[in-house]
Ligand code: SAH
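Take a look at this single chain, the form predicted alone, given in structure tokens.
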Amino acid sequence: MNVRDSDLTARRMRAAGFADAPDEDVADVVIVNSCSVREKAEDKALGKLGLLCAARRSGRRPGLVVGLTGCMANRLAENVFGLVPGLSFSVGPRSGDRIPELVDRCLAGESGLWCPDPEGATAHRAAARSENAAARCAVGDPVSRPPCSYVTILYGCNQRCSYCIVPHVRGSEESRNPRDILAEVREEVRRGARDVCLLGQSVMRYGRAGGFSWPEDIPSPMGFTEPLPRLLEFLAREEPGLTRIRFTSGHPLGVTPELVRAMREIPQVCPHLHLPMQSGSDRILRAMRRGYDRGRYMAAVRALREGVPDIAITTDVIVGYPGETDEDFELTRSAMEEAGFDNAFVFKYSPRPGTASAQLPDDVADEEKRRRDAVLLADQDARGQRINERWVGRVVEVLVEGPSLRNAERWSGRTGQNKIVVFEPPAGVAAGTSVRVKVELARPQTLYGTVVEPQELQPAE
């Protein structure tokens, strides 16, 4: 989501006449897009801002404009100027359209400018207008685009999980109009995207809150009645240049029979879902206010695996939540094995100010949190290796992204299951094209193979 917000900020700046700097050390303006989900993320943002502002105050870079945006700007509000002396401006994530104006004012000599987000639905309507305008800013944009892109479809969150600060800094849910979403998707495709990921903090709640009603003049030939399946069908039908559609982040209560059917029957919808579990202990799940128990989560996993061939399911897990015992932790280990996750992102619990869990004793020692984190990651490496070995010998379709990060002589891309595939690039290959790769080697998070010639192509089993 922050990648998407950073991209929108860059578009707004270019539309206002600014150009990308080759390096932050020679930039006239540096804007830090922050995250408040974990304390470590805020610490890193504050550290970066402090270094930049110190260079400005010392006289080494007296004209440098240093700005802050993102969730931390909302959480800290005007207090951030005391924490970061010399900060030029701070702006909430839903007021990003104000950034070029604030930069101009700072270049003219002002400083310490604070622009909070408007409240409630007004904020979401303003954000929707801003995103639509930012998408239009892309016309004539010379910056090359990757084949994968992001489009926000749902602002805010109503879930109110006990540990999560997002509802406090992003507000309540509001869904975007499907035609506005389509217009933005079309713009992303025009700029080179072939794989678009639809974003929402709890994306399966698209169209279920905020007074949303599906437009009566947009039919569903496939007979869908739920907003998210209807949106998936609408985008796939109306934008022929869109070859892959994803959506994140999911919630097990959103795994309905209709959504499973949409994932199975709409060819462009990828067989991959990120479905945060957070814990395998019913006691901890209740404390987290997740709204489901282990049984309900596993039922969602079974429905997806039975309904969507070769689906890959990934997850998020928190270790060290207040009161988590060894028994609770072992339940999480067994749940991860039962679910058979293709990949997992494991986070050590971090209390966030203003959340319900912040009132509880943070009673799991840091050393124990690190141990549990390491155990789950080792489990996942072994599990991922077993799962990925099933792909060896098969031919997969890969959307090419470009040179591999570790070896520029090899290229990489992703399958519909969002698995990274590394291969030797054939002549004429380019980012955004599709190649068929025969998988020859598997690692826990990566597949390696060889591009096959058309006469050698065989469908995957």
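Numbers follow the displayed sequence, beginning with 1. Computed from a prediction, not measured in an experiment: that's the story for all the values here.
There is another form of this protein, the form predicted in complex with the named molecule, and it is not shown here; the text below is about that form.
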Practice problem: With the named molecule left out of view, choose which of Q278, Q380, S175, S281 has a non-hydrogen atom within 4.5 angstroms of it in the model of the complex. | Solution: Q278
Self-check item: Selected contact from N74, T243, Q201, T314, since only one has a non-hydrogen atom within 4.5 angstroms of the named molecule in the model of the complex
Solution: Q201
Quiz item: For the chain seen here without its partner, which of 342 to 350, 209 to 217, 299 to 307, 233 to 241 has a heavy atom within 4.5 Å of the named molecule in the model of the complex?
Solution: 342 to 350
Quiz item: Given that the partner is absent here, does R38 sit within 4.5 Å of the named molecule in the model of the complex, heavy atoms only?
Solution: yes
Practice problem: Give a yes or no for H272: in the model of the complex, does one of its heavy atoms lie within 4.5 Å of a heavy atom belonging to the named molecule? | Solution: no
Quiz prompt | Residue contact check: R290 to the named molecule in the model of the complex, 4.5 Å heavy atom | solution = yes
Quiz item: Counting only non-hydrogen atoms and a 4.5 angstroms cut-off, does Y163 reach the named molecule in the model of the complex?
Solution: yes
